[in-house]
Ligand code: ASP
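Shown here is one chain on its own, the form predicted on its own, set out as structure tokens.
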């Protein structure tokens, strides 16, 4: 029984379902991974997915603005990504007169495409294994700090000596908890223009109620275009720039999907932690996640109330609200999934087997050490999460105070550095206050600061403010502080360094904000990272020992925002007894969910008319229009906007979410219940063609029907 549990935990089995977990480097697919894909129905060779001497699928994939994924879908550099990935850009071009979030945006001519300052996309040109060079000179006999310094110096030398073009960059990332290292050669393009986006009633249909849920009916997509200089190389925005000519772009298949079809998701998953010990998982589920959920729950209820009653606030807070709500709901589902799948017990069973295998060796000390270290870190880890969620994420005035404290700290380096940082901060604050409302923030401040004093560990609560009357402080701050508007902040930060510091000290909000910021720098972060470094060193040894003790098992590297592929199949699932979810949703479901004038479930009359007349063009199937579908691909944050590729290398969908029951896949992938959610490419084409009538974009793509031979 224990052997079987071990197999299930690691995702290793000859069963095809179990072979679908993992986020693999595209340069490491030859052999076992290639064979697994073929068993699932793939016709793709490893070389078709990743090659450096000829075009391959990887040449159509970009890291979108550092947080999402996008793919090139035309010979003119047209990019497809999620609506929520382009949300900030769409919002930045929106006004109350031209609300592109509400009405959508379409550039019917190329000259109408909108520039986005500071937006960028990054291609991966080459991936090299540099483990030997990076670890050269390190030893298990060395102190962790010594090894860390050696590795840092080695990385610096390797990057400096790496051969690349002048416009390219090199970076090295660790894998398997620091047991392996890969070098990435990248190209970054900085002239990215908005081409098209559906209204939020399509792109964000269901909003936060449907987020992480199935069935979904979201047209979560937007279109951008890469521009390059006359030599097709990266360049800053310039009217003379031309559409980028890609090395490879994805043909678009209109054949549709069916259950058990092969799916390949290509992208930049952000972070997973699949190999944590049971004690760590227990701490996340029962200590850390509940605290974060409680804080965001209070903040979201306040912001939601204001957004529903005021259109201007809705525009200001739309992107921020979506961002905060996303992980709030994810953590809830993650906890439920961990408990339902009995992941902690399975890890404990694995650890019992591991302990027997390593008895009498140095590795036998690893699990007891984990227990001690996680006991030591619990209090400060909780304080750190509470601080991040309260000060940094949700109370905007305290976030501003934190940045002012950083500015004050820069004074230690002299007036010149202070002035430079002050000018930089003013530019940032101008954009910040554009989407700020003091009345909203005032309510959030009241609720969250009160919760902070109630739940934060006393050891990490500043003594100078521990007896604060929150209600009185709130009224005083939001009626008198300069931190509540840009105009006041601009005046506050004018003058020489000493003058600014004197004005800061007199502001009614800053002394409070300074205390909560100061304890983060002086106590919380230092204490946290002293223990976290010990945990990381132990985790590295544990990862190595696991791979040594189970050499035939299927270990995949945790996500770390590097280019990965994950393969699976279109599949429904059983979330609970007697319930089965089919893998494809349809436009009919949108109409069934439709609530006139509702923030989340409103539908435009044009979409209703197209449904009523069944004017689906060539994108419908058997009188229905597919909208979303499910797969067993192992995805996470960062895979938003990832292409879903069929067995022949064609685009069939756009990844945008996971099911709620399977959000625990960041910590424990279970192929029985973990499902990713994708927009069917036929729905995207329908919206562009029939709804927006942006036919020039359809003509720009290569539409194919491989199943019918066209």
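Numbering follows the first chain given and starts at 1. Predicted, not measured: the structure shown is a model, and the values here were computed from it.
Just so it is clear, the following notes concern the form predicted in complex with the named molecule, a form of the same protein that is not shown.
- Highlighted residues 222, 225 and 643: none comes within 4.5 Å of the named molecule in the model of the complex, counting any heavy atom.
- Taking non-hydrogen atoms only, residue 514 never approaches the named molecule to within 4.5 angstroms in the model of the complex.
- In the model of the complex, the named molecule stays beyond 4.5 Å of every heavy atom belonging to residue 669.
- Contact check for residue 393: every heavy atom lies farther than 4.5 Å from the named molecule in the model of the complex.
- Proximity of residue 638 to the named molecule in the model of the complex: non-hydrogen atoms within 4.5 Å are present.
- For the residues 212, 374, 387, 354, the 4.5 Å heavy atom test against the named molecule in the model of the complex is passed only by 212.
- Distance criterion of 4.5 Å from any heavy atom to the named molecule in the model of the complex singles out 84 from the list 571, 177, 84, 217.
- The partner is not drawn, yet in the model of the complex one stretch among 28-36, 52-60, 655-663, 678-686 has residues with heavy atoms inside 4.5 Å of the named molecule: 655-663.
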